[in-house]
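Okay, here we've got a single chain as structure tokens, the form predicted alone, with questions on binding and movement later.
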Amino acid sequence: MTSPHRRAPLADAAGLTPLLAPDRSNSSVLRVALVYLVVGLGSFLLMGLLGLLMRLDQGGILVIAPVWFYRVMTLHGAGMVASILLAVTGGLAAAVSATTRLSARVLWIALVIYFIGTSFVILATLVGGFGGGWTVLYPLPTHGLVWTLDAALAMYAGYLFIALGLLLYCVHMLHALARAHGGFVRLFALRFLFSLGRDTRDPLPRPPELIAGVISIDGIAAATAGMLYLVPIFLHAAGVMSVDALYAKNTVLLFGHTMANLSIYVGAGLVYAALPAFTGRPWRTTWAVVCAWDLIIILMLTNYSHHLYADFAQPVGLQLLAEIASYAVALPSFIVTIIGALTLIYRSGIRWTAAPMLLALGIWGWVFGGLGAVLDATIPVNQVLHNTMWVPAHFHTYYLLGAVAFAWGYLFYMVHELSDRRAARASSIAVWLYGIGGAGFILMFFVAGANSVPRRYAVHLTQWQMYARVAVPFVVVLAFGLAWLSWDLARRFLSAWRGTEGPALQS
């Protein structure tokens, strides 16, 4: 039985692109993409339980030993970044595969390498007792009093394999896109960009393809920075060389901060791919879209150092560059994406099922989390708020209500297109529970941060505990909403899996 949705003429005169290519050449890629999404979001749910455990501890409801708190905090932080990035990169592979030939084998190999990395991280934290935080700032990991050097090296090995998996994915994606579009000039629409939109001789990439190219370059840079950090650390552990602490902090934050940013911007790319299918309007590659996203290539790699404002040895020029880049990286993509999305939605007659609701939720989560991040990147504000709960507040906002909502929304879209089973109507209620629970949970981080409650403390004073106690019921609501959405997806997943091999769409 074929899906009534897949028979819809998405690749019609309106210029919309279906998931399945007319020759079904992307069927195997769609299956890998589904695995990326399901494994990534499944891991996110497990990491979320660890987050609940920490809030119970900070609220004084369930007391766990500080040594275990920091293990859990480290695994929760590293695991969340890795899980969400895995999910959204899977979605991005599906989005571009209908028009760009990707290799399912390369994507599977990248996934296995990624798995090896995450396995090392789990062993380092839960077995080895590593609790130095996901930032693994040198020299703390090699001087741990409650974990061994082997545990620290296992953590570093995990990051090395994760960087290699990301590098393989991004190199393959960039190569495939450049080949499909006839080179980088066409892929990034550079003639169109520098002629201010007047030179239209080259065919323009669709927004998801442009974004995939941008993200791939930044992903390659992030993975390279990771290896420039990790290799000297291994040589230092072997007694071969010493490592400059400021160099180490710059490279590890360029690696880790960029990976976290990638999740959000890849997730935004999924909105460009899926939202037109629900509004019936194509998302056109305008000059503003090209300009905003081409700028991301540079800006995403220069804003990480707002985490080094407290480091007096950092050159002042880099501190100022970080502040400027932190503003610049957010505003163009915000404005272009939000205006573009609202233009597509306005009077489109969109039917607000779970998928478009999740995509819309993600946009607003991205906006509010981004505004919190921009505020934190302002130097006078940063000096007051950076070591408070304000920081987990802003990144939980654009992660939980931004990138994660984008990934859930895109998975619902894929299942909607590939399955012959319709989504349960009541799933829209689950999205509301997700949004309300997530907003209440995050609001307590913001309120605590505004009241100077410090972050990364295992033991909270009695007067700090009320923020976590208020947050816990919202986490329960959030968990119920996510469980509901998971159940709806699970009952239709096999049908969607079979749908990847279904009859090709008529172009």
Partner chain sequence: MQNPHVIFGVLIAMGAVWTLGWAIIMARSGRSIPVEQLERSENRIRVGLLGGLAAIAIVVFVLSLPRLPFAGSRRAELGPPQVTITATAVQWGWIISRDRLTAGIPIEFDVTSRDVNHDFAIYDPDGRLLTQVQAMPGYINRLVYRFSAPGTYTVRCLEYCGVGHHMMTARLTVARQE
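Residue numbers count along the first chain shown, from 1. Keep in mind that what you see is a predicted model, and the values were worked out from it rather than measured.
Missing here is the form predicted together with the partner chain; even so, the following discussion is about that form.
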Next item on the list: Tell me the stretch among 160-168, 200-208, 220-228, 240-248 that has any heavy atom within 4.5 angstroms of the partner chain in the predicted complex.
Entry: 240-248
Check: Looking at the partner-bound form in the predicted complex, is residue 435 within 4.5 Å of the partner chain by any heavy atom?
Finding: no
Check: Given that the partner is absent here, does residue 138 sit within 4.5 Å of the partner chain in the predicted complex, heavy atoms only?
Finding: yes
Margin query: Is residue 44 near the partner chain? Define near as a heavy atom within 4.5 Å, in the predicted complex.
Written below: no
Check: Hey, in the predicted complex, does residue 427 get a heavy atom within 4.5 angstroms of the partner chain?
Finding: no
Check: Quick one: of 148, 103, 343, 119, which gets a non-hydrogen atom within 4.5 angstroms of the partner chain in the predicted complex?
Finding: 343
Check: Of these, 353, 319, 99, 302, which has a heavy atom no more than 4.5 Å from the partner chain in the predicted complex?
Finding: 319
Item checked: Heavy atom contacts to the partner chain in the predicted complex at 4.5 Å, residues of 305-328 in sequence order -> 309, 310, 311, 312, 313, 316, 319, 320, 323, 324, 327
